[in-house]
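Have a look below at one chain only, the form predicted on its own, in structure tokens format.
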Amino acid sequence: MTATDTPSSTTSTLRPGREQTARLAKRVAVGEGREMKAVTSPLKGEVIGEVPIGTAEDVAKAVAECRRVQKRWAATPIKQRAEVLLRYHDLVLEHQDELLDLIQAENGKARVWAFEEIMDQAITARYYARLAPRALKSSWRLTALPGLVTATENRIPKGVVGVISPWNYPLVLAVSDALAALVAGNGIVIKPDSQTPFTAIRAFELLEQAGLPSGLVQIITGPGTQVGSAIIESSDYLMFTGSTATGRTIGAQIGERLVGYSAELGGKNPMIITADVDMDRAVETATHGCFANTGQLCISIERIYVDQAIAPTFSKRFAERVSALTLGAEQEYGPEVGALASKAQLDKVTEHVTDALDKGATLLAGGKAREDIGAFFYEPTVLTDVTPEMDVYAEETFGPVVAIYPFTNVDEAIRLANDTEYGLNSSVLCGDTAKGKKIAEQLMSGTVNVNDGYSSGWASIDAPMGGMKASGMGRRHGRDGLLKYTESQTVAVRSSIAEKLQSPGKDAQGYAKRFTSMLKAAKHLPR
């Protein structure tokens, strides 16, 4: 790729050590004597530890224990629950090097993108710690007879929240939603991805160090067919992050139980670049938006629509910038691109690129695996002349591959950007911010970033984040991301005077006239 690529060392040992991962594995809530599964790092192919393979029986026991502890936790004052999150905030920052080592070892991403997960934990913990006491307190509600009938809205925890998290953000997607659920008074039963369990285990250990009751979070490793299904069948609410295909299957399963479900699913996210854009900024923003986390990000950009007036210049400069990205397997800051997470990811990226080139696409940058660096490294790749019969045109690649499409006018770009079953994230790069916002409002996706790829929308922690169409249901972040883990309960109290007014008695006609007068008068009362 470039002269600055860093070959992997065959003699180095990854951090963390086997002693640490063996200790963490003991925190998994499974019975003794279970078969163990090796966790292999995609960076250098080393086994970094083993975790037990859980069963449906293990899930049942874990849920029962979680329910027992959750009842006490729900009775804990909200302020005290929030203080746990604030202490966790500090612990994450203090232990960030250890967490970064775990994230890199399990997932393979470059350290700079692992640090994104540290930042997310800090802002999420702080945000929900401050929001929860306000958002969850009981509040008065307007009634039909103000002063005579009072109504209070209470927020009741769901109970046991099931979390099924993926491998691409082993800290963020295992713990961030759990923080909201926990501060709302719930317990957690979680199945982290089998490839990336240790980051989640260590994070929840830090939460216990911050004051979370032991047993409130139950971690069970194992296959989705057994552990995942059992969690779906026994939890009071489910948070899932993963593919659209799996999301549909889970939705059907949990729908049978009439249990709440939130899911962030797949995306084929577009970026629109208008002719008045600052070229330097556009090139850098697009590079970040497409290749952060090696492109293994649900909200990363896979399609770039650029005004034909600047398409040749942008394509040339973008390809040059992408070709200069540095790849490396070391657990230090420096490399801009890390490994793909697995052979399955490498195979899919390779298949998409090969299929496109075989059918006439043009390669502007990248296009090959880099076994000289590590088994699962692949060069950041830029394609053009991509057509609908190519797999990469409409299918989510979930890797370091992006295609460029010139457009003749903005209306065409908007139409093409929306021409997908997905609707998770979009981006608009535009010199005129007001014009960019107008374009953004016409894009059918849950988040749209103007003059950014994805990070501004994600980091707007007070705003809801999620997908339209086949990209999911429900929202994380904001008040929505907290209140979804509660049931709303209305307690209405009627006074004795109201009892007399509301009873028709034998004079039904008089009753109707009284209330007709009251309804007419109520229209003119201040809101």
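In case it trips you up, residue 1 is the first one in the sequence shown, and so on. This one's a predicted model, so the numbers in the text were calculated from it and none came from an experiment.
What comes next is about the form predicted in complex with nicotinamide-adenine-dinucleotide, which is not displayed.
Q.
Can you work out whether residue 291 and nicotinamide-adenine-dinucleotide are in contact in the predicted bound form, taking contact to mean some heavy atom pair no more than 4.5 Å apart?
A. Flag for residue 291 set to no.
Q. Any chance residue 167 has a heavy atom within 4.5 Å of nicotinamide-adenine-dinucleotide in the predicted bound form?
A. Result yes; residue 167 sits at the interface with nicotinamide-adenine-dinucleotide in the predicted bound form.
Q) Given that the partner is absent here, does residue 197 sit within 4.5 Å of nicotinamide-adenine-dinucleotide in the predicted bound form, heavy atoms only? A) Contact with nicotinamide-adenine-dinucleotide, no.
Q.
Residue-level contact is defined here as any heavy atom of the residue lying within 4.5 Å of nicotinamide-adenine-dinucleotide in the predicted bound form; does residue 225 satisfy this criterion?
A. Residue-level check for residue 225: yes, a contact with nicotinamide-adenine-dinucleotide.
Q. Within 4.5 Å of nicotinamide-adenine-dinucleotide in the predicted bound form, heavy atoms considered, which of 381, 241, 235, 121?
A. The option sitting close enough to the partner is 241.
Q) Looking at 377, 318, 88, 398, which has any heavy atom no more than 4.5 Å from nicotinamide-adenine-dinucleotide in the predicted bound form? A) Of the candidates 377, 318, 88, 398, 398 is the one lying within 4.5 Å of nicotinamide-adenine-dinucleotide in the predicted bound form.
Q: Please name which of the stretches 412-420, 447-455, 350-358, 259-267 has residues with heavy atoms lying within 4.5 Å of nicotinamide-adenine-dinucleotide in the predicted bound form.
A: Stretch 259-267 is the one.
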